[in-house]
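One chain follows as C-alpha cells, the form predicted alone.
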C-alpha cells in the first residue's frame, strides 16, 4: 500500500542537549551503552560546535528492537540541560513526547501554548538531586539519564552497569555515587507521571553486539592487521583514533607517536614503513594538506603506508566538527605529479574494520599509499554491530624480504647479481628488502631514481620508472574490494553512493520497500582505481538512477560521467555540514516515482506519533 510517511519501526528517539562542557556526549554514550547491553540496536549522532564551553551541543540516540542503520528526525524524549535547548528543540517532539528538564533552571512559559499542550513535561530537579548526593554539578547529566530510563520504564540496572563501565578506572565510590544520582533521577521521573506510550524492554535473546564508532572500528581493523606504528597530530574527527591507539596500542605492541604536526606524522610513517613496520597516520582534510609533500615521498619511494583522511566541512577551517564528502577529488590528485594510490571508502562500522585491515595488505602488495577516505558522520557516530569477523583477517605482505640473504631471491636481483630495489617488473612491484637483509644495499629518497635507487635524471629511466609505478593500478584492479550491492536486481530506482551516505540510504531503502517502491543500491567501496565496468553495468540496467553524495559539485557523479560515460537521471546533494537523513532520501525517491512532493515524505513534528519498543504495559519495571 502506498504511503508518503516513513514507516518507522519499534523504536524510541532520544535527544540530549545543552551547552558544551555539560557532558552531553559522554552521558549520551553511557545511555547508548545501557540499551546495547540489553540487546537493543542503537545508533547515535553528535552535533557540536567547535567550542570548549558554551554553544549548543546535541546528542541524538535511536533505540530499536529491529535492525537500524542511521539516525532519524523525530524526537520522543528531549532532555533539556538549559533554556536554549527548550527554545531550539522542543518543537521537534512528537505528540505526547516527553520534555525532561530542571524546573529550577528551565521554564516552559516561553513555549507556544499549542506546543505545551501536545508535549508531556517531566520536571526533575536535577541540580538538587546532585546536591543531595554530594556530587559535582556536572553530574546533572547522570540524573537526567536516570530520568530518561525512568520515563521509558526501562530497568535501571543496565544504566548502573554502564556507569560502572564508564568509571571502571576510577575509585569504586565514584561509580556508586553516579548510580545513586541516576536512581534518584529515575524515581523523580516516574513520580512526574508522564507515561511513555509503551515500554522499552531488554531483548535477552539478542546476539552479543559491539558498541563502536568509526574511529574505534578503524583502530580495531588496524590492530587486527598487525599495525606496528601509528603517528598523528590531533584534528577532528580523526583525534579519537589517536586516543584509541594511545590507549590500546601498547598492549598490541604498537608504537604510537603524537607528533608536533601532520608533516612529521607523515614523514615518520614513511620512515617506519622503510623499517618494515605496518604504518598508518590519519587526519582531516586540513591536516592531510600538510602531509601532501611527504605523501608524494611515499609515492616515489614506493612506501607501503596507510593514510586516513576523515573529512569534515571545508575549505580552510570550515566547520571543524561537522561532516562533508568533498575531499574525494582532493585525495585522488593530492601531491605534485602522478603516482598510483588506492582510495577505499567505508560506509559503516563493519566496513571501517574490514577496509582498515585490507588497506594494509593492499599497501604491502602494491607498495604504494592506500587512503581510507571517511567522514565525521561515520567516524564519530556509534552503532551496535555484530562482532567483527576477526577470523577472516589475513596478513599478506607481498614481495617482502624481511630477513636472510637477498641472493636467495632471484627476482630481486639484476643481471649483475645485485639487489635492485626498483627493478622494472611486469606488475610494477619490486621485491622490498628490509634493512639488515644481507646483500641488499639500497638508496631510498625523494628523487627520481634508477633501479638501484640512485638519483637519475635521464629521460629514458624517468619514463621507465613512471611506467613501472603506474602499472600498479592494473594490479590494483585485481586486488581491491569491489562495489557492494543492496536490494533487488531489478528496481524502480537505482542509487549510487560512497561513504557514510550508505547509512541513511539503506534505512530509506527499507522504508521504500515497505511502501511498495523497489530500490537497489551500489556502494562504491573502492573509489580509486574507479570501478568503471561495474558502475556502467549497474547504471546501464537502471530504470531511473540517482546519485546521493555530500558535496556541492557532485564529485562522484562527475567520476561516473568521466569514466563510465553515463549521465544519471537525478542527484541528491547536501553540503551544509549535516549528514543526510533517511527522510530526505525517502522523499527524493518517492518524488522520482511520482509519489508526491519531497516535502511530503518528512512529516512535520505535529504529525508524528511516538512508537514503542516492546509490548505496552503499565509502570512497575524493576530497578
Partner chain sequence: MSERDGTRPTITPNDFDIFRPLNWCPGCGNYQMLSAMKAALADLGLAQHEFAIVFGIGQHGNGADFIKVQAFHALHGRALPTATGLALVNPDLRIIVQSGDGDGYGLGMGHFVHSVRRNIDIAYIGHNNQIYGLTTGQASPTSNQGMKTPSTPSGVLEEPVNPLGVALAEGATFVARAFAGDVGHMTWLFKEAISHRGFALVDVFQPCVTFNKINTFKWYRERVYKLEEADYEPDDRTRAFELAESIVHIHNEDPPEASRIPTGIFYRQEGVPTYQDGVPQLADGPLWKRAREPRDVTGVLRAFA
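Numbering follows the first chain given and starts at 1. Only a predicted model underlies this, so the values are computations on that prediction, with no experimental measurement involved.
As for the form predicted together with the partner chain, it is not shown, yet the points below apply to it.
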item: One residue of 475, 297, 184, 344 in contact with the partner chain, assessed in the predicted complex (non-hydrogen atom, 4.5 angstroms); value: 297
item: Listed residue that, although the partner chain is not shown, lies within 4.5 Å of it in the predicted complex (heavy atoms), from 133, 440, 90, 539; value: 440
item: Joint contact, 532, 566 and 586 to the partner chain in the predicted complex, by non-hydrogen atom at 4.5 Å; value: no
item: In the predicted complex, segment of 458-466, 248-256, 120-128, 319-327 with a heavy atom within 4.5 Å of the partner chain; value: 248-256
item: Contact of residue 547 with the partner chain in the predicted complex (heavy atom, 4.5 Å); value: no
item: Proximity of residue 485 to the partner chain in the predicted complex, heavy atoms at 4.5 Å; value: no
item: Residue 410: touches the partner chain in the predicted complex, heavy atom cutoff 4.5 angstroms; value: no
item: Residue contact check: residue 110 to the partner chain in the predicted complex, 4.5 Å heavy atom; value: no
item: Any residue of 179-214 that, in the predicted complex, places a heavy atom within 4.5 Å of the partner chain; value: 208, 209, 210, 211, 212
